[in-house]
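Consider the single chain below, provided in structure tokens and representing the form predicted on its own.
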Amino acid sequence: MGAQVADLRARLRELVRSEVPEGYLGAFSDDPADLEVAQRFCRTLADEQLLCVAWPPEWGGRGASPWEQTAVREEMWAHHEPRGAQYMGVNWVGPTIMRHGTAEQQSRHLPGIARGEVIWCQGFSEPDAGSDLASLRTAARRDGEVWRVSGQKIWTSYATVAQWCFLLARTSSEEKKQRGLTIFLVPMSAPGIVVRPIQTMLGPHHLNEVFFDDVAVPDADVLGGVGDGWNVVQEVLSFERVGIARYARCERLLQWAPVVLAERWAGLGEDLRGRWARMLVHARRARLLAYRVVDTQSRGQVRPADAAAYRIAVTRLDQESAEVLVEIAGSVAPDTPEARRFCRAVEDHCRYSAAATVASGSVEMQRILMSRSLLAPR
């Protein structure tokens, strides 16, 4: 398996070198051409069955091991995620539809994801339901043969470019609020959906408000059964959190630093170089925590506490490594193309890290998840 994964990494790096422009910082910059680079690169990966490498062959994959899929994930994140928003469909939307979807839903949605043609967004958080997601108010009510969805979602990444939304809505009022939730697969072109971008320093397309005004959704687009949404979401979040391999980007930037500084590296303060080394250790720690989650998931288990431990480690790594890298970049003379690319990459990493401990569930909520797991009866 080691040789197989090494060959896969070599092929992915070759594709990145040949297909992705030098200095590329992701799909959602101010340059619209960057999104097309990502879409084209996804189609290239799909042609070699590398976009969804661990998916079954009947759904456009190679039936590869979870470790090969992990290698793909790491190489993509190390190189500023040239798949754009496709990681969402690949890492958790597609696998969730495989596990919980009907045959019709699988045949409708999985081929498009595997070909890199469809972008998904996630309709979870609301203005008064972020960390406490089960408090959401977006409601779906029965109206003959359809559901009518009304409400608002916020912080919805990629909603301006997505074709489909993986939407969580309330279908009944229960004493335990988690029991009245349902997942809907909703086309973003449906009448009654309005998207309003939220301007941030992260660039276009990332964060949006999405409003649903009496949107009609048929029963065929309910995923996993009415009222079963919370169980599906718990599984989704575990896959989503480990699917974002930002430790790979942190490690690549950290290892790049002494190469860019060359002879200036020895002139950095001892304290700064010590913190740099500590960040490399923390990157390896986050990687090992991710591998533990991959291992349990590969055996058919989903343990939210393990995913929470990884998430805490990788988001803290994001922010702490950004502080170290910014200090190091201050000593770089931007007199070569490589030095300028390094400084731009560090700036990009720093901007993204600012929200790391809030996105995909705050660090505080991850700690609560871990605590509940440790205190639960054995």
Partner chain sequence: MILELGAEALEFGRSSWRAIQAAGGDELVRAVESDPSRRSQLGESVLGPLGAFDIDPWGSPEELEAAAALCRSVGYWGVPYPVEARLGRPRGGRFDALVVVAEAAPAAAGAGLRLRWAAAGLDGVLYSATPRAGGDQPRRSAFVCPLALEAVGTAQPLEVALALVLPCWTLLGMLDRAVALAGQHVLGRRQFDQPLASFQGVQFQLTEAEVERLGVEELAKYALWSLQTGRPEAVDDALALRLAAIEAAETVFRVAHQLHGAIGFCDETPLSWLSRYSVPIRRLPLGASATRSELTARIGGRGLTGLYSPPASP
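No experiment lies behind these values; they were computed from the predicted model shown. Residue numbers count along the first chain shown, from 1. Take the two forms, superpose them, and find the largest set of C-alpha atoms that agree within 1.5 Å; that set is the rigid core.
Here the subject shifts to the form predicted together with its partner chain, a form of this protein not shown in this document.
Contact between E209 and its partner chain in the model of the complex is not found at the 4.5 Å heavy atom cutoff. Contact check for I368: a non-hydrogen atom falls within 4.5 Å of its partner chain in the model of the complex. Using a 4.5 Å cutoff between non-hydrogen atoms, R83 does not count as a contact of its partner chain in the model of the complex. Looking at A248, you'd find a heavy atom of it within 4.5 angstroms of its partner chain in the model of the complex. Checked against its partner chain in the model of the complex, the candidates M201, A220, V259, A103 yield a single residue with a heavy atom inside 4.5 Å, and that residue is V259. The partner is absent here; in the model of the complex, the one residue of H282, H109, R170, H205 having a heavy atom within 4.5 Å of its partner chain is H282. With respect to its partner chain in the model of the complex, the three residues P197, D228 and E235 uniformly fall beyond 4.5 angstroms at the level of their nearest heavy atom. With its partner chain left out of view, the stretch that reaches within 4.5 Å of it through heavy atoms in the model of the complex is, among 122-130, 144-152, 210-218, 267-275, 267-275. Shown without its partner, the chain has W67, E74 in segment 60-74 as residues with a non-hydrogen atom within 4.5 angstroms of its partner chain in the model of the complex. Once the cores line up, the CA of D295 ends up 2 angstroms or more apart between this form and the one not shown. Annotation for A309: C-alpha shift of 2 angstroms or more between this form and the one not shown, rigid core superposed.
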